[in-house]
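First, one chain by itself: the form predicted alone, in structure tokens.
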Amino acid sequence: MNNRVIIFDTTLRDGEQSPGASLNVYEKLEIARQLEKLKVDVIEAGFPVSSPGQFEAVQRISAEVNAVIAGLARAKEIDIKTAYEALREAKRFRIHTFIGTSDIHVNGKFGDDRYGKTLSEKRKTVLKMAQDAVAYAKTFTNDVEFSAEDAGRTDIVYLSEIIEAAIEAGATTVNIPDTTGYTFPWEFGAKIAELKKRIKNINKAIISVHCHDDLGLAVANSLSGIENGARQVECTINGIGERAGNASLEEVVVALKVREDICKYHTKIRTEEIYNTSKMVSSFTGIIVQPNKAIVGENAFAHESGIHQDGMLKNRQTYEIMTPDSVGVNKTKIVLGRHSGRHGLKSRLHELGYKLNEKELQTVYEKFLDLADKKKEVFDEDLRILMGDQAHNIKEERFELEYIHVIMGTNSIPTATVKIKSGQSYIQESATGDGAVDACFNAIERALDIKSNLESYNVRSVTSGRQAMGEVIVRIRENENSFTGRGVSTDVIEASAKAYLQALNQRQFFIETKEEQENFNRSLSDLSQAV
């Protein structure tokens, strides 16, 4: 047990904070179920106090997933109470509270004189806030985690004091985050080792590390932390997260497994589920895994050089330090077609990590048959794309594309006609543009009487061949808010129209939920007065 490393997955909280990676409740629940299948120890499901959607997601995951579920909370009573309300149905749950501890954070976040006039006074206030927060969280659960935000840049003496105080107040896990990805591996490892020496009650808590990848060192720092006494690693699938992202779960776990000759540490992770989990997260978030990404990239087990190919044919170990199947990469692609039944589709989707009820299966099956008529053969990647498309249709869309018709040619002006369902009515409009996609967007804007600022437009082929599925991701901006849409089809023009409409749906949903957010904030204010 002394050498087992706890895997704390924060894909649904820190990972979701990646720009454009917003997940709905259905998507979060599907990912949480897959993380449970992966055998993650702790799933940080969200930040309940931040929005009604976050609260609902944590609540649903708590009720339906058996792993330890964690909710994030600032060192404030209202945050902690709200986290408890969202987590209370879980079989096992953890309240994770945090506060900034570096001089930059203390002076920046607690600059007001009410926290103290000098840095020394402010530090004392922050320490007391941390201690009180842990003690309050302890009234709801015995499993309390405390994070010293920006610990990587925090003075070691003060960091030791606040961690010791948090443990004294009841923290069972103490997290040392390299929040800004600032430290080098030897520097971060030395900090963990020094904390173990300085803190008298450190044996009463598990040391955790949470490293960001701003300098590309998140995994290296996490491994250095383990080597120097940390027994929990906070990470995300595909390394997604704020700015440059977090330590990649798959890289940390597989590194420990492959190098067990020198690393005598192990996890409970079922590595054969890594690839499926990676693909699901990529499909739902729309964040593409770069081809050369370690472990899960498309090129991770590809060999082009003649020398490499020759060596591989003679002995795979010449150029591969792990087998593809050890991380769930199946070279045998399952192919379904128009004659495949619901049972075969359901079985394959289950193997890929998706859980559907009969109503959801019927919806996906109809889309599958439509795709099979166009493609003849439907591969695993097509199914993942279908599931990503299905996830976005779980909540009622305000605008739905009924049909699109485009006229274009070398010597003609591109013209698009769209028919959109809005509520119980239908709107049809036509427009011209600089190209087919521009004409489609103009027609949609004319039909809905909306003008938006297109911030980015990305298109890629997600499967191979002439009948490949195309995925389009668009981002629109309105004032300080960005909204992302994703569309998939064997026709890139249709995918573009779907993506643009989905972004507009996100915008409309944001407008309509402003009032809901205000009501949520008022209820939090009432709860704050009660506690």
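Worth saying up front: this structure is predicted, and the values here are computed from it rather than measured. A residue's number is simply how far along the shown sequence it sits, counting from 1.
Form predicted together with ligand KIV: not shown, discussed below.
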In the model of the complex, does G353 come within 4.5 Å of ligand KIV, counting heavy atoms only?
no
Please run the contact check for D14 against ligand KIV in the model of the complex: heavy atoms, 4.5 angstroms, yes or no?
yes
Are any of the heavy atoms in E149 no more than 4.5 Å from a heavy atom of ligand KIV in the model of the complex?
yes
Touches ligand KIV in the model of the complex: T154 (any heavy atom, 4.5 Å)
no
Report the stretch among 427-435, 83-91, 205-213, 268-276 that approaches ligand KIV in the model of the complex to within 4.5 Å, counting heavy atoms only.
205-213
Contact assignment for ligand KIV in the model of the complex, among P414, G328, P177, G286, heavy atom within 4.5 Å
P177
Have a look at L72, I199, A130, L159 for me and say which one sits with a heavy atom within 4.5 Å of ligand KIV in the model of the complex.
L72
Those residues of 93-123 with a non-hydrogen atom no more than 4.5 Å from ligand KIV in the model of the complex are H96, F98
